[in-house]
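To begin, one chain is listed below as C-alpha cells, in the form predicted alone.
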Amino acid sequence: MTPGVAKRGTTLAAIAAICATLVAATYQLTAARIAANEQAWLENSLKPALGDVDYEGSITAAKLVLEPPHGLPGNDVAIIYRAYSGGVPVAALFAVTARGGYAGPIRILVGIEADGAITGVRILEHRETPGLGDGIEESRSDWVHQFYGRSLGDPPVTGWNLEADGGDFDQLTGATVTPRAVIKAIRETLIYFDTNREEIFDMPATAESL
C-alpha cells in the first residue's frame, strides 16, 4: 500500500469515527425529547375516553399488557391503562379488539370508572365500509355517545345488544354487523372488569412501553 492510499484511508476512518460520534451524540440529545413527545401524544389520545374522571399522574405509568388468552375481547394483545387519585383507583381504559366486524377486527378503547360505569368509548382502528360502518367513529357520528354512563346493570347483560336484537342500543343506519360487534366487545369488557376489578388495579405495571 502506498503512503498516499494509507493516508487517505486513515483520513476516511477518522471522518467516519467523527460522524459516528456526532450521530450518537445527536441521538442522546433527541431520544429523551422524542420519547417525551410520544408519551404526551399517547396521554392526550387516551384522555377523551376517561370523560370527566379526575385522576393524578400519568395514565400510561400504570399500564398492563395482557397476552392472549386473557378473557377480554379478541385474540390480540389487550392493554389496560389504570387511573388513580390519591392512590385510589378511579378508572381503567381497555384497548381491546372487537371480533366480527363487517370488514375485519375493530380495535376499540373502553373507559370504565371504578364503580363500573362507562366513561367513554373510542374507535382506535377499523376497516369498516365508509358511509356505513365507519359511523362508529366519533368524528362520523355520535353513535358511541350512547354508552356514556351505562354499566353492566344499566342495562342488564341481556340488554347489551342492538334494539334489533332485543337490546337497548341503536344501530347505525344501514349497518348492523359493525355496531353489533362493538357492543358485544363492550359487554365482554364490562363483564371482565366486573369479575376482575380488584386484580386489575392490584397487578404491577408492565415494564415494556407502548
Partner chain sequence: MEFERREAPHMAPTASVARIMQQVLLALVPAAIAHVWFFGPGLIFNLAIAAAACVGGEALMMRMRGRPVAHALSDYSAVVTAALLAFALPSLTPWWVTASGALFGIIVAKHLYGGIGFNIFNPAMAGYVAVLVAFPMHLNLWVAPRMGDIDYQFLTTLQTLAYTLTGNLPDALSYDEVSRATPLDAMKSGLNDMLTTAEIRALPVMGDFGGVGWEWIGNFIAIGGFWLMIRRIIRWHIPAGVGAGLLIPAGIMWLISPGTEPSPGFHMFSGAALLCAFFIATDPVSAAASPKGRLIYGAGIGFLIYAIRTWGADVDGVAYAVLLMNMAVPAIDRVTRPRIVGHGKDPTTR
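Numbering follows the first chain given and starts at 1. Nothing here was measured: the structure is a model prediction, and the numbers come from that model.
Below, we turn to the form predicted in complex with the partner chain, even though it does not appear here.
### Task
Within 4.5 Å of the partner chain in the model of the complex, counting heavy atoms only, one of 109 to 117, 69 to 77, 123 to 131, 86 to 94 shows up; tell me which.
Partner-contacting stretch among the options: 123 to 131.
### Task
Just give me the single entry in Ala61, Val157, Val177, Val65 that has a non-hydrogen atom within 4.5 angstroms of the partner chain in the model of the complex.
Answer to the contact question: Val177.
### Task
Name the single residue among Leu46, Leu172, Val53, Leu152 that comes within 4.5 Å of the partner chain in the model of the complex, judging by heavy atoms.
Filtering the options by heavy-atom distance leaves Leu172.
### Proximity of Gly101 to the partner chain in the model of the complex, heavy atoms at 4.5 Å
Answer yes; at least one heavy atom of Gly101 falls within 4.5 Å of the partner chain in the model of the complex.
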